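A lone chain, given as structure tokens: the form predicted alone.
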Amino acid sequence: MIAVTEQKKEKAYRLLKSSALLQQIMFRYMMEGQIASEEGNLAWVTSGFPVEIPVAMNIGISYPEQYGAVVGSQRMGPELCGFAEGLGYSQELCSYARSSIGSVKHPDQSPLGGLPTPQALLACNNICGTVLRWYDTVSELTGAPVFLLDTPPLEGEQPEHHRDYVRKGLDKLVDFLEQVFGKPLADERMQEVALYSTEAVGLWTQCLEACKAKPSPLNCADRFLTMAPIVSLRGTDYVKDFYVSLLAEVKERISNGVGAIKEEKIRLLWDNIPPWFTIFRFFNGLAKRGVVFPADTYTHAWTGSIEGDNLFDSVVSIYSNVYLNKGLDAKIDKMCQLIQNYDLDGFIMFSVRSCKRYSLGQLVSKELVTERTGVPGVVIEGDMVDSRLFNEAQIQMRVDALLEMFA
């Protein structure tokens, strides 16, 4: 009798049917990384790296930050971060970096046995400066050489000398990859990869923009999970299949008036990386109270398309202008734009202790965003992987105070 009652009870959130295809694609991605490593053909890359270039050179790719999300979701953050801390690394260091270093040191105690061993480490500092020292440490542990693509921070428009500097960095990248892996970059292959990347980004962008609908067809947790292929598989020929499926499901929800949550009452913006170890508990808990997140600053960061007559110039523009490589004014503008375009009632800013570059200035941003949009917001504090730094009771109190404003 109890089982029947539970079966009939509808959850506050709705699962995506395309999740099954997502699991298949990500399993393929992991297997390809393992095979590439065994063949001496694997590079680790940071999330803001122009991955289309190594992909066009038929080099396998793995993302340590994405692996950090896996570590967090399996609640292994404190243990793996603790391994790095045992080596002398501070708890103030990024938990992606700490969990990565810990997993390299102790792969037998890490989810999935850790990431496969890299033959090269490709970092771009458009997302943060920690990546270089992080990869330097992994280099010491694995022997893989490091390449840094330097993209100086932007304030306003990108000056021509800045573009020239980054463009020369791309040339050096190609030379580096040719030396390490012994493979040339063919123009035809680069064009093919750029097309695959652009098609996938276009479909992903349509999925994001579809959340302007009321009720929103996707919630925050949905987008954080379904963003995985656009991060790790841009430029591959099969990534498009998943986003075709996801977009079809999103459109079906809209046409049927079905939202991501059962009863949409309050529409909020999310700012920053999510707490991976409690992502479902947190967002589904709010869904029970009618709170949905039709937009966020994190998943909207992967919307740049490589196109035009000069593909490398396009790469320069896209990867220099990522969200975290811009000043505070640009971030405030982006939040205000999302609040307006998605007709949002307020916002939650997650101050992530690990990600200083993302969290810097949030207290100031909060006041300025409210002043410009007229909607209230709140800042909560914690971490994306290290659950030791997440005070659930304190966070709940602050979120409750925000939601009382809509009562």
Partner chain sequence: MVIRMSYSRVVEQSDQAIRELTEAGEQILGYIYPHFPLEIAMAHGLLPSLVRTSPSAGGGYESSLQTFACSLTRNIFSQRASGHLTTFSGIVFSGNTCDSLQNVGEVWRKRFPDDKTFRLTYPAAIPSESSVTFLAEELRKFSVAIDSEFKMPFSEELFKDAVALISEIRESLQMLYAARVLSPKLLEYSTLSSLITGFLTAPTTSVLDNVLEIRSSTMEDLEMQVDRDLVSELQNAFLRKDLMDIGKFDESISIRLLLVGGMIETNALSEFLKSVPNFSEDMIILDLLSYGFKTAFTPSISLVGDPFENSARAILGSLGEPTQEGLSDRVRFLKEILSKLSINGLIICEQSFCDPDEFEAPSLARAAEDLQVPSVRLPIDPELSDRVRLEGRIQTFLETLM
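Numbering follows the first chain given and starts at 1. Quick caveat, the model's predicted, so the values are computed rather than measured.
There is another form of this protein, the form predicted in complex with its partner chain, and it is not shown here; the text below is about that form.
- Among residues of the shown chain, residue 261 is not one whose heavy atoms approach its partner chain to within 4.5 Å in the predicted bound form.
- For residue 186, no non-hydrogen atom is located within 4.5 Å of its partner chain in the predicted bound form, even though that partner is not displayed.
- Contact check for residue 155: a heavy atom falls within 4.5 Å of its partner chain in the predicted bound form.
- Of the heavy atoms in residue 162, some are within 4.5 Å of its partner chain in the predicted bound form.
- Contact with its partner chain, judged by heavy atoms within 4.5 Å in the predicted bound form, is confined among 187-195, 225-233, 300-308, 96-104 to 96-104.
- The putative spot formed by 31, 216 and 249 is not touched by its partner chain in the predicted bound form; no residue has a non-hydrogen atom within 4.5 angstroms of it.
- Listed residues 79, 209, 241, 136 were compared with its partner chain in the predicted bound form; 136 is the one with a heavy atom within 4.5 Å.
- Contact annotation: of the candidates 313, 329, 237, 199, the single residue with a non-hydrogen atom within 4.5 angstroms of its partner chain in the predicted bound form is 329.
- Counting a residue when any of its non-hydrogen atoms is within 4.5 Å of its partner chain in the predicted bound form, the hits in 121-138 run 125, 128, 129, 130, 132, 133, 134, 136, 137.
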